[in-house]
Ligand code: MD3
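Coming up is one lone chain in structure tokens, specifically the form predicted alone.
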């Protein structure tokens, strides 16, 4: 892939995390999921379930439901408990790659089974759009698609492997993006397969 073909402001950092760092993050995610279990979010209005299970870390978590739609809140929608804190390792990663003076307030934890997808979308539920979105891949390789600021804009796709980091900042902050497919059996970082995507965001 030619990095010059990527949208302005998008930083692609292949292999940013080595294997021990990946395994350490996976263990931290496991501990968090024991407190804030994965659940299946649904689309606003229609109530259609997404194919990705999720949870959150941090003072705020991104949630969606049929009645109230996309939003951030301080509590898990199923347990009613506060979200677990964002681990120091992720805060340090943000400091290293985000180029932003304030820390993230939310870390979305998305788990992709081998048949899961994520349609093209913008991350625009935040009031602070000057802060980037930092995405970390763990587990099986995925085919990541990114476009422009309009849904109809041309897109380009490239593979994200375990340990890769993508930063959507600057002019790319509101670019449409999604996951077209997961490639099974491409990583042994997750013992039972699948892919974890960690997305760090500043909300306000």
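Positions refer to the first chain, counted from 1. In this text, all values refer to a predicted model and were calculated from it rather than measured experimentally.
One more form of this protein should be noted, the form predicted together with the named molecule, which is absent from this view; the next part is about it.
Asker: With the cut-off set at 4.5 Å between non-hydrogen atoms, does residue 118 touch the named molecule in the predicted bound form?
Answerer: Output for residue 118 is yes: heavy atoms within 4.5 Å of the named molecule.
Asker: How about residue 63: is it within 4.5 Å of the named molecule in the predicted bound form, going by heavy atoms?
Answerer: No, residue 63 sits far enough from the named molecule in the predicted bound form that none of its heavy atoms falls within 4.5 Å.
Asker: When the contact criterion is heavy atoms within 4.5 Å, does residue 86 count as touching the named molecule in the predicted bound form?
Answerer: No, residue 86 sits far enough from the named molecule in the predicted bound form that none of its heavy atoms falls within 4.5 Å.
Asker: Whether residue 201 contacts the named molecule in the predicted bound form should be assessed with a 4.5 Å heavy atom distance threshold; does it?
Answerer: Answer yes; at least one heavy atom of residue 201 falls within 4.5 Å of the named molecule in the predicted bound form.
Asker: Does the trio 13, 18 and 97 actually contact the named molecule in the predicted bound form, every residue with a heavy atom within 4.5 Å?
Answerer: Judged in the predicted bound form, none of 13, 18 and 97 sits within 4.5 Å of the named molecule.
Asker: Among the candidate stretches 43-51, 63-71, 29-37, 169-177, which one is within 4.5 Å of the named molecule in the predicted bound form when only heavy atoms are counted?
Answerer: Going by heavy atoms within 4.5 Å, the stretch is 169-177.
Asker: So which residues in 95-125, when you check the named molecule in the predicted bound form, have a heavy atom no farther than 4.5 Å from it?
Answerer: Sequence-ordered list: 108, 110, 112, 118, 121, 123.
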